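One chain comes next, on its own, written out as structure tokens in the form predicted alone.
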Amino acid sequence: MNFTSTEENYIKQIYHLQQEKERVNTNSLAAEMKTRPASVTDMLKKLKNKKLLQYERYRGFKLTEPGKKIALGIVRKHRLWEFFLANKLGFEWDKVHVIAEELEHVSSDELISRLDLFLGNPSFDPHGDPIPDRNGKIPQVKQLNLLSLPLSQQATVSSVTNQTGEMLDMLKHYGIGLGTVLRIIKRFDFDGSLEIRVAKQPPCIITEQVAKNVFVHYAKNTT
């Protein structure tokens, strides 16, 4: 069954929202899609008729197993294209998301399989997000939010959840990227901001809003 790019965008966004909460409501989806709740309702009816959604009155909706399979396929294509753009064409990590949003709608399964093989079957995209394999299996990632990192504990940046150009540009300004080694020097109770040290750079302060989007794993060697 073929789907329009708009339908695929809805399916993918529902999948992402379900990672935070099992069932999704119309208003939260409308906010993410930047459209009116009435427009969302019309699309949900279409997806439900195609047996991609389950709906329970007053409880919201969620993807069916076929719907989840389609969502994982879209996510897989998106992240493979991001990896290709960053690692083969040299795009900065804050540029690849928008381009991959267009490329993810390519429908050729053979092309995606060949792309995956050409790239060496990568497990993670340029932002540290796991890439589903052809069967929809997702690599497990052991990481914690930067806000939960103990003081003075050295850690390595493993992923970034907010992947807007503005956020990634800010992280780039602070010298923070995947694989960056850092530690928290001080927490400020007033606003939740953190003073951190990145490698050999002078200490810098990042807001709680920025920190909550950065995930890390403990480095093997700590001091």
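Quick caveat, the model's predicted, so the values are computed rather than measured. Position 1 is the first residue in the sequence shown; the rest follow in order.
Form predicted in complex with the DNA: not shown, discussed below.
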item	value
Partner contact for Asn162 in the model of the complex: the DNA, 4.5 angstroms, heavy atom	no
The DNA contact at Ser39 in the model of the complex, heavy atom, 4.5 Å	yes
Contact test in the model of the complex: Thr207 vs the DNA, heavy atoms, 4.5 Å	no
The DNA contact in the model of the complex: Thr26, any heavy atom under 4.5 Å	yes
Listed range touching the DNA, judged in the model of the complex by heavy atoms within 4.5 Å, from 176-184, 53-61, 66-74, 152-160	53-61
